[in-house]
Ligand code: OGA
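Just one chain is shown here, as structure tokens, and it is the form predicted alone.
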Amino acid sequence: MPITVMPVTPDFVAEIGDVDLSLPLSGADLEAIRQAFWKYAVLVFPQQQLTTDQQLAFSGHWGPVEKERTLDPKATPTRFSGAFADISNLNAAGEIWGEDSRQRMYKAGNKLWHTDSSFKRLPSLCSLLYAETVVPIGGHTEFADQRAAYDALPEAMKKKLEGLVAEHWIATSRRRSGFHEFNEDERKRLPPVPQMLVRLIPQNRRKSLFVASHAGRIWGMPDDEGRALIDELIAHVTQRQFVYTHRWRANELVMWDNRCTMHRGTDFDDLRWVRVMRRVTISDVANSCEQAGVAPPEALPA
């Protein structure tokens, strides 16, 4: 039986059925999932029982797995390292984290609209997040379609955005959420990087905005003007008509295209309820400027 694709909207988000991701996929099923992904950008796979190895095996079909974690594992140990990011509210010992824990303070930035790893020179193609244990109230994930948002821009704005490059920096988003405590190792490994403000998605030839809370400045613009433009675009992308809210179910995998979506987590009582989730992030083929044939500019002055 071929896989079942059930769109949530005509062009954004689909649920995928009649597939067991714990087993090797046939070429036909994998290709059908690929085509659905390029079209809908967010895919939901309910009722999956996945070990870490099985999640990693499916993730590997999409490209190289990111293995460098943002926070220094010596300063902030977690339950996972390497291929997996721990998107849970548990410390390294598997206990609910403390109110003032460094991990909790850092992850508060996930409540801002963002796209994973845009703050890395080599950004992400996609993320694959698996939920083992979900909370009874809250803890949703919202996704915004940056392709549809670009399509809806006035032509004058589209022309204004052509060729613009933004500076993405993890410190930009974390400062906005109140986290300032990067150590020397983290600062050296994660300097500001350039990314295109508009991207072309090669698999479907659609143009997409590429903004996020990590973006803080724009090359060639005064800081205040660039920041205002980024904020205006984020507000545009996150209008209700472009946003899907996902309520998690246990044993569910959701994957999304980081090149053309933003997402954010919503609040839940993280000092009461246990949530257990793990994410694999897949690297893109090159920096977005290089993919667009634009020479990446030198770093903006501090």
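Residues carry their position along the shown sequence, with the first being 1. Source: prediction; values computed, not measured.
We do not show the form predicted in complex with the named molecule, though everything after this point is about it.
Checklist entry - Which of 56-64, 263-271, 42-50, 231-239 has heavy atoms within 4.5 Å of the named molecule in the predicted bound form? => result Comparing against the named molecule in the predicted bound form, the contact stretch is 263-271.
Item to check | Three-residue site H114, T141 and R279 fully in contact with the named molecule in the predicted bound form at 4.5 Å by heavy atom | outcome: Yes: each residue has a heavy atom within 4.5 Å of the partner.
Checklist entry - Can any non-hydrogen atom of R275 be found within 4.5 angstroms of the named molecule in the predicted bound form? => result So R275 counts as contacting the named molecule.
Item to check | 4.5 angstroms heavy atom contact with the named molecule in the predicted bound form for V135 | outcome: The answer is no: V135 has no heavy atom within 4.5 Å of the named molecule.
Item to check | the named molecule contact at L153 in the predicted bound form, heavy atom, 4.5 Å | outcome: Residue-level check for L153: no, no contact with the named molecule.
Checklist entry - According to a 4.5 angstroms non-hydrogen atom cut-off, is N110 in contact with the named molecule in the predicted bound form? => result Answer yes; at least one heavy atom of N110 falls within 4.5 Å of the named molecule in the predicted bound form.
Checklist entry - Only one of A83, L197, I96, L129 has a non-hydrogen atom within 4.5 angstroms of the named molecule in the predicted bound form; which is it? => result Checked against the cut-off, the match is L129.
Next on the checklist: Please identify the residue among L161, L125, I87, L190 with any heavy atom within 4.5 Å of the named molecule in the predicted bound form.
Outcome noted: The residue in contact is I87.
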